[in-house]
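Encoded as structure tokens, the following chain is the form predicted alone, with no partner shown.
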């Protein structure tokens, strides 16, 4: 029995070894090199010096410019997450109630954008926004929702709208997966006992799918906070977030150590937020996860 267990362990390790080597090569080593780079020095004429200093980290924590950058990053990500939750949860519920070919068709409509490059989709939003005479402003003024054109390009509003659209499929799929575990007979029982549809959704459906909503929110927030293409195109060069700031430090000013420090700090913040949120969700809905 002992020999059999030892053989199973060796077989498991041999099967996992290629994946571990790949993970180490493409994730662990580049990440470790980035962390080390963030402690190096840089000068316009001397380039990168492989010394251990805290100059880049001190600059980030001392300069309010970087605090504003990170605050904007998480503010935009949070607003995009709220919008995807407000529109994505009803969308997933309606999708789950559909029958026959309509269900497959609308599921394809929802996940279809994931097959298109996020750059192409963001350029589409840039065309829709398009200044004062953009299609979005014309539509809003035709509907009587606004009296004068609203500026979308190079604003946080435009970034939030474009990010919410890009991340919507992740929220819908997370909620839709939670709805698959919901017993429809519970809704029917509540309706037969006299509850109206709104009460059923509010008191039965929402509490049971809340873990899916929160999981989707974590995914959307993480992807929005680390997004690059959408903030770079819609926000432009003046309205930066952490990802575009790191890009500019790497490729425009060539200050790689400072760019590495920004990237590592963004990663640490996201890991803390995701791990903390996940721990709260598991503690709150521990019974449902069993």
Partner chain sequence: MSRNGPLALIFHALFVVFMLAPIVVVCWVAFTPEGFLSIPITSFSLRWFRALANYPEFVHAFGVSLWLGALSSCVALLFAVPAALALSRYRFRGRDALSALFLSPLMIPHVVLGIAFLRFFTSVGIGGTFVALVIAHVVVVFPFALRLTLASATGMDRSVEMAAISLGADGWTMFRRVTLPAILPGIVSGWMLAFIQSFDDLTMTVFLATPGTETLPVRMFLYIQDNIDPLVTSVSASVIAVTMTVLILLDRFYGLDRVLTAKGGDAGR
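These figures come from a predicted structure and were not determined experimentally. Numbering follows the first chain given and starts at 1.
The next section is about a form of this same protein that is not shown, the form predicted together with its partner chain.
Asker: Heavy atoms, 4.5 Å, its partner chain in the predicted bound form: which of 144 to 152, 68 to 76, 118 to 126, 201 to 209 makes the cut? Say which one.
Answerer: Residues of 118 to 126 come within 4.5 Å of the partner.
Asker: Are all three of 107, 233 and 247 close to its partner chain in the predicted bound form, meaning a heavy atom of each within 4.5 Å?
Answerer: Yes: each residue has a heavy atom within 4.5 Å of the partner.
Asker: Looking at 190, 219, 213, 179, which has any heavy atom no more than 4.5 Å from its partner chain in the predicted bound form?
Answerer: Contact residue from the list: 219.
Asker: If we define contact as a non-hydrogen atom of the residue within 4.5 angstroms of the partner, is residue 40 a contact of its partner chain in the predicted bound form?
Answerer: Yes, residue 40 is a contact residue.
Asker: Please check if residue 172 has a heavy atom lying within 4.5 Å of any heavy atom of its partner chain in the predicted bound form.
Answerer: Although its partner chain is absent here, residue 172 would touch it in the predicted bound form, with heavy atoms inside 4.5 Å.
Asker: Any chance residue 101 has a heavy atom within 4.5 Å of its partner chain in the predicted bound form?
Answerer: Heavy-atom contact with its partner chain at 4.5 Å: absent for residue 101.
Asker: If we define contact as a non-hydrogen atom of the residue within 4.5 angstroms of the partner, is residue 194 a contact of its partner chain in the predicted bound form?
Answerer: The answer is no: residue 194 has no heavy atom within 4.5 Å of its partner chain.
Asker: Within 18 to 47, which residues have a heavy atom closer than or equal to 4.5 Å from its partner chain in the predicted bound form?
Answerer: Stretch hits, in order: 18, 19, 20, 22, 23, 25, 26, 27, 28, 29, 30, 31, 33, 34, 37, 40.
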